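Below, in structure tokens: the form predicted on its own, a single chain.
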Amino acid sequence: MFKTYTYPKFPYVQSPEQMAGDVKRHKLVIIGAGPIGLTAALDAAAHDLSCVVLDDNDTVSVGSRAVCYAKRSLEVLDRLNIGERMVEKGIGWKLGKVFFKDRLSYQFDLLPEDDNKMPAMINLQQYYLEEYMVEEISRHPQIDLRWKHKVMAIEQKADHAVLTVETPDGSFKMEADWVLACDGANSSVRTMVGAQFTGQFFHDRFLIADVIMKAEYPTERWFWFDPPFHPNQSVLLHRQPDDVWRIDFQLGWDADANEEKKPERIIPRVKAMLGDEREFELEWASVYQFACRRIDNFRYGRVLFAGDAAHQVSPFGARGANTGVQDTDNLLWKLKLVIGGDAPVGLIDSYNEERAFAADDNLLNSTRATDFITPKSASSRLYRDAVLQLAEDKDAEFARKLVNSGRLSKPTPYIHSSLNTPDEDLFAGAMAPGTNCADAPVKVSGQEAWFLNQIGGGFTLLSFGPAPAASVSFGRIAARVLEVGRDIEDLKGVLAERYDAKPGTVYLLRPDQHVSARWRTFDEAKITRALARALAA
């Protein structure tokens, strides 16, 4: 079926409790072994939290599907020992070009600054990511990954949930303190708990055509509006590993999805784009319609939602999988502390607070991009075409800001989070409370390293200068001191610059590598209060 990839088949194994006829209680059950469910499992293991992962399939996702992974997601996955392998296999890029008809309208640079470990973006087929994750999971005894296990029903109790699971050997019941639903946009778990999933469906259809070809095109994102080879529509081109190229063709709402997936319909479209002399093979194709919508609450009792089960966006901007990875990054450290009795259940409610805020930001950007790409009226199209023409003028910087071929994924700062301690001192730069930490080159024990690899997993106090304590605690939770000049060396001064550091500056950093609070001096009482606030205590 696929010329560039051989699909693994994972063995079904009967669950021990089904074999014994027992009902066993688990701390965490994750439903869905796609990229988000597998990320959640690895993050649980990173926090030494055991979990069971249930999936009704026995292989990785069919087709390239989510292919673009942004810098912040790569940083999260690097913490889980997947990032470097992804970057090694993937196609890194940061330049994008937007064309109008047969002309270059403008180009952009996603990461103009140097001194980051992870690239701005990589392209990598989803099946590779899932395969890497399954291999990594095999190294973690805390993760019990069960294939061909389909959740049929969930019954909520006061302090746990009861799941009915169907397998090739029949059905059985299992219990979970917490359930994390990562079962995709068509989540059956949403229906089981009575959740609302509302938003906007877009009346347009798009064709994904993955083709194998040898081409020396630059490793860039190319987006065409109204090109001569596909008039009145849009086209997107991305390079993937193994000489596979992703082409997205806008088809229009009246297109017949079944007909457009046939090779005899796809091949002429690709030839019109590439020219008759370009040799290629069709690898995979799919026709999709998309929506921008989200769940009304990320928590229903003991059931939590992440990824497409919680929110769905258009594919333009690479916000789907990237947003889901950030969901799990936000949630798992909170689950660990609540399950361990070190934080109140209210900390779990901050997951909905912060990630619903991020979802709304992504939905807004995704809807605006879709409206620009697929104008719904003659006046909207006139506006869009005028913006694209103006953007060609090097002096019309304002017009380039209006061009929207998909605002590419960036993390949403939790600027209004109840877990933040507001600034009481003056700071410049981007590292305000609620923001994900910037990376920088450092030295550790004389070896060159990266700052983000020195934090995460627990609370950290980043001190720019001598600290009067080795850690600060609230209850059983300690924030360890990481002292610049003693524990790490600021290799190029980039760390101090990005954190607007002066002698004595201190940052309280969360386990998910987000800023919780910052001060110009080390005050243990203030730090303790901020730590308590970050724990929802």
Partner chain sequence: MSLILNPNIDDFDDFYKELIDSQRHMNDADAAQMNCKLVLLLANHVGDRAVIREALERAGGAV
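Nothing here was measured: the structure is a model prediction, and the numbers come from that model. Residue numbers count along the first chain shown, from 1. Rigid core (definition): largest C-alpha set, two forms, superposition within 1.5 Å.
Unshown form predicted in complex with its partner chain; subsequent notes refer to it.
Although the partner is absent here, D296 lies well away from its partner chain in the model of the complex, with no heavy atom inside 4.5 Å. When its partner chain is considered in the model of the complex, Q389 lines it closely, a heavy atom lying within 4.5 Å. Proximity of E113 to its partner chain in the model of the complex falls outside the 4.5 Å heavy atom cutoff.
Although the partner is absent here, F108 lies well away from its partner chain in the model of the complex, with no heavy atom inside 4.5 Å. The stretch that touches its partner chain in the model of the complex, counting heavy atoms within 4.5 Å, is 397-405, out of 421-429, 324-332, 232-240, 397-405.
For the options L382, V345, I267, M152, the residue carrying a heavy atom within 4.5 angstroms of its partner chain in the model of the complex is L382. In this stretch, 274-289, not one residue has a heavy atom within 4.5 Å of its partner chain in the model of the complex; the partner itself is omitted from this view.
Core-aligned CA deviation for R103 between the shown form and the other one: 2 Å or greater.
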